[in-house]
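The chain below stands alone and is given as C-alpha cells, in the form predicted on its own.
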C-alpha cells in the first residue's frame, strides 16, 4: 500500500525517495497490492452472482497491470476495450476473447472487422453502427449501448449520459434497434449503459440502473436472447481531503438487491456486469517528480518540477485535484509552518499547473520546499500515463511496479529518438 511512515512516503515497503534515486524522475509508480485489493473489494462488495467485472482498460493499459487484474479477478473479470489497441492489450495480457467487450464510439467498419476476427463481442454505440455490424456479421451475437437520459461525474467532460452526451442509442430510439437486429438475425445478448465517471454516491447509479431495467421490461418480448445487463462503470475514488470513499457495502448491497429483484420479475437469471476503471487503479499510482525551480511573483510562490501536463493532464483538462506530498517531509517537521505554493510543470503553457481548479491556480499548503526535493503527485494510477503525450517533444516517463520490497520497470522511459523519429 501507499503510506506515510516516520514522515516519509512509502510505496509498498520502498521509500518513494529511494525509487526516485534508483529510477530517476519523472516516473509513474504503482503499488501491486493496492490493485489487487481493489479487485477483491469489487467481488466481496457485490454479492449478486453471476457477476461480470469488465475493467475499463482506458484507465491504464500497462500489460503488467492488466496481468495483475486478470490474476486477481480470475474467471469473473474481463476487459472493457474502447479501441483495437486495447483489444490487443487485453489478449496479450492473457484475457480470452470471450472476456473482452468492445465498446467504442464513431467506430469504423475496419475496427469492427478486427473485433469480429478476434471473436470479441461488439457493443454498438449507435443505430448506424448496429446496421453496419449487421451487414458485417449477420446472425451473430451483439450488445448495444443506451443513453438513459441521466448523467453523472466529477466534470462535464466525463458525463456520458443525457442529451448533451454523444454516447449510446437515445432512450426513445431503442425500439428501432430491435428492427435492425431482426433484419440481420442478430441475437441481442447484452444491453449497456454508462452515465459518467467519478461517482462517489449510489443515488445516480441506482437511478440509471432503474431506467435501463425499465427499458428492458418495456421490451421484454424482444430480449429473449438476453444474457447480461451492463451498467457501466463510473465508481469514483476520493481525490480531495473532504471526499470519502464510496460506501461499497451499501453500494454493493443496493445494486445486488435491485438486480436480483428485477431478474425474479423478468423470469430469467441474468448476469450483472459493471465496468470499473478508476476504482481499480487510481489509488495504486503516483507520479514522482523533482523540484528544480522555486520563484515568486506578487501572486504566487511557484514550485517548478521536472514533469508537466504532458505526463498528467487531468488538472489542466478538468481542474482535477491530486494530493501532492513532499516525499521526505510528508507532514512537515515540528515547528515548521506550511507555505502556500503553486506546483507547476515544465511545459510552455500557462495552464501547466498541478495545483489548480476549473477557475485557475489554487495554491496548496505544503511544508517548506527546496530545489532538489522529491514530490509525489498521488492518486495518479488512472488516466495518468494512459493520457500522457510527447507534447513539447518530451519523452513519456517510465512506469515502475512495486511489489512489497521489490521494484521493477514495467515500461521503459521513451527515448528522445523515438519521440523525434518514431523509431
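Numbering follows the first chain given and starts at 1. Worth saying up front: this structure is predicted, and the values here are computed from it rather than measured.
Keep in mind the form predicted together with a small molecule is missing from the figure; the text below concerns it.
**Q** Please determine, with the chain shown alone, which of 231-239, 89-97, 283-291, 132-140 has non-hydrogen atoms within 4.5 Å of the small molecule in the model of the complex.
**A** After filtering at 4.5 Å, what remains is 231-239.
**Q** Within 4.5 Å of the small molecule in the model of the complex - does that hold for a heavy atom of every one of 36, 43 and 271?
**A** No, because 36, 43 and 271 lack any heavy atom that approaches the small molecule to within 4.5 Å in the model of the complex.
**Q** Is there a heavy atom of residue 197 lying 4.5 Å or less from a heavy atom of the small molecule in the model of the complex?
**A** Answer yes; at least one heavy atom of residue 197 falls within 4.5 Å of the small molecule in the model of the complex.
**Q** Taking the small molecule as it sits in the model of the complex, is residue 69 near enough to touch it, meaning that at least one heavy atom pair lies within 4.5 angstroms?
**A** Result no; residue 69 lies far from the small molecule in the model of the complex.
**Q** How about residue 58: is it within 4.5 Å of the small molecule in the model of the complex, going by heavy atoms?
**A** Judged by the heavy-atom cut-off of 4.5 Å, residue 58 is in contact with the small molecule in the model of the complex.
**Q** Decide whether residue 277 counts as a contact residue for the small molecule in the model of the complex under a heavy atom distance cut-off of 4.5 Å.
**A** Yes, residue 277 sits close enough to the small molecule in the model of the complex that at least one of its heavy atoms falls within 4.5 Å.
**Q** Which one of 302, 178, 318, 259 is close to the small molecule in the model of the complex, taking close to mean a heavy atom within 4.5 Å?
**A** None of the others qualify; the residue that does is 318.
**Q** Check each of 366, 378, 51, 387 and return the one that places a heavy atom within 4.5 angstroms of the small molecule in the model of the complex.
**A** After the contact test, the surviving option is 387.
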